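Quick setup: one chain, the form predicted on its own, written in structure tokens, and binding and motion questions come after.
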Amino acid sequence: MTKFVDLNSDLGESFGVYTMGMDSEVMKYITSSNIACGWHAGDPLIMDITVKEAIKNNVAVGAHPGYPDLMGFGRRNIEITPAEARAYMLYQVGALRAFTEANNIKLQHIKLHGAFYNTTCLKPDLADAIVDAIAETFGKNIILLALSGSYILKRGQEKGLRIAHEVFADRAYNTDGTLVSRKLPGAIIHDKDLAIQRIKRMVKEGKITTIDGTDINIKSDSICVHGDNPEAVSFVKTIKENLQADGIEIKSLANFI
């Protein structure tokens, strides 16, 4: 039986005259893009340019809303209410969807960013508000992309949303399936060969070895890869080539979710 997996990357993170990432290069190797919506990164012109670049490379487009935190790149936690979580998501996804419609393509998915992503994976009240708003506003054809096995995905499935389980190429895992904090040693996997071995095992066997050496089950519909420097772009290319060499087909989420 053929295995399918999506390769996604966070893009459109430049702002004004400041350039971040190597979007045009990483677009060559991925199947889905998560485009910043202007709150943690990006701006209207960057959003439009990035959508056009995705179309040019036959890459599916997703909205990547974050906290209103340009200074902290959306990685600082902010205490918010469910009503605020709902409004933050709707405001940003609505902005990105305007650009997909202006460019005559459909918005494939929604993936929250940074601290917004992490918090809604853990706090049911925020997750419920996000999921309910997605179902009511954007319909059940849009895909919710979030941390594999997280509460927000379970809630999304209960509401009838299309859901996609995300795994990370270069991050260590805790035994509960959450990511090891970037502040802790061993959180980032720098050995590319090890990272590729772990990815293959996640896709083919549905297993990952956690930071304490325990094997846990994990579902991998989409692999998050980063391409913010030449070395990282090379890594993305290597990941794709290794997966394909193992008979794993690389497709955007809408083609198999």
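These numbers come from a predicted model, not from an experiment. Start at 1 with the first residue shown and count on from there.
Heads up, the form predicted together with a further copy of the same chain isn't pictured, but that's what we're talking about next.
Visitor: Quick one: of 161, 169, 95, 180, which gets a non-hydrogen atom within 4.5 angstroms of a further copy of the same chain in the predicted bound form?
Guide: By the 4.5 Å criterion, the partner-contacting residue is 95.
Visitor: Identify whether a further copy of the same chain in the predicted bound form is within 4.5 Å of every residue in the set 68, 76 and 90, based on non-hydrogen atoms.
Guide: Yes.
Visitor: Within 4.5 Å, heavy atoms only: does residue 245 come near a further copy of the same chain in the predicted bound form?
Guide: It does not: once a further copy of the same chain is placed as it appears in the predicted bound form, residue 245 has no heavy atom within 4.5 Å of it.
Visitor: Just to confirm, residue 129 within 4.5 Å of a further copy of the same chain in the predicted bound form by heavy atoms?
Guide: Answer no; every heavy atom of residue 129 is more than 4.5 Å from a further copy of the same chain in the predicted bound form.
Visitor: Test of understanding: in the predicted bound form, would residue 45 fall inside 4.5 Å of a further copy of the same chain by heavy atoms?
Guide: Yes, residue 45 is a contact residue.
Visitor: Taking 4.5 angstroms as the cut-off for heavy atoms, does residue 15 touch a further copy of the same chain in the predicted bound form?
Guide: Yes, residue 15 sits close enough to a further copy of the same chain in the predicted bound form that at least one of its heavy atoms falls within 4.5 Å.
Visitor: Among the candidate stretches 172 to 180, 120 to 128, 82 to 90, 143 to 151, which one is within 4.5 Å of a further copy of the same chain in the predicted bound form when only heavy atoms are counted?
Guide: Partner-contacting stretch among the options: 82 to 90.
Visitor: Do any residues of 22 to 43 have a non-hydrogen atom within 4.5 angstroms of a further copy of the same chain in the predicted bound form? If so, which ones, in sequence order?
Guide: Heavy-atom contacts within 4.5 Å come from 37, 38, 39, 40, 41, 42, 43.
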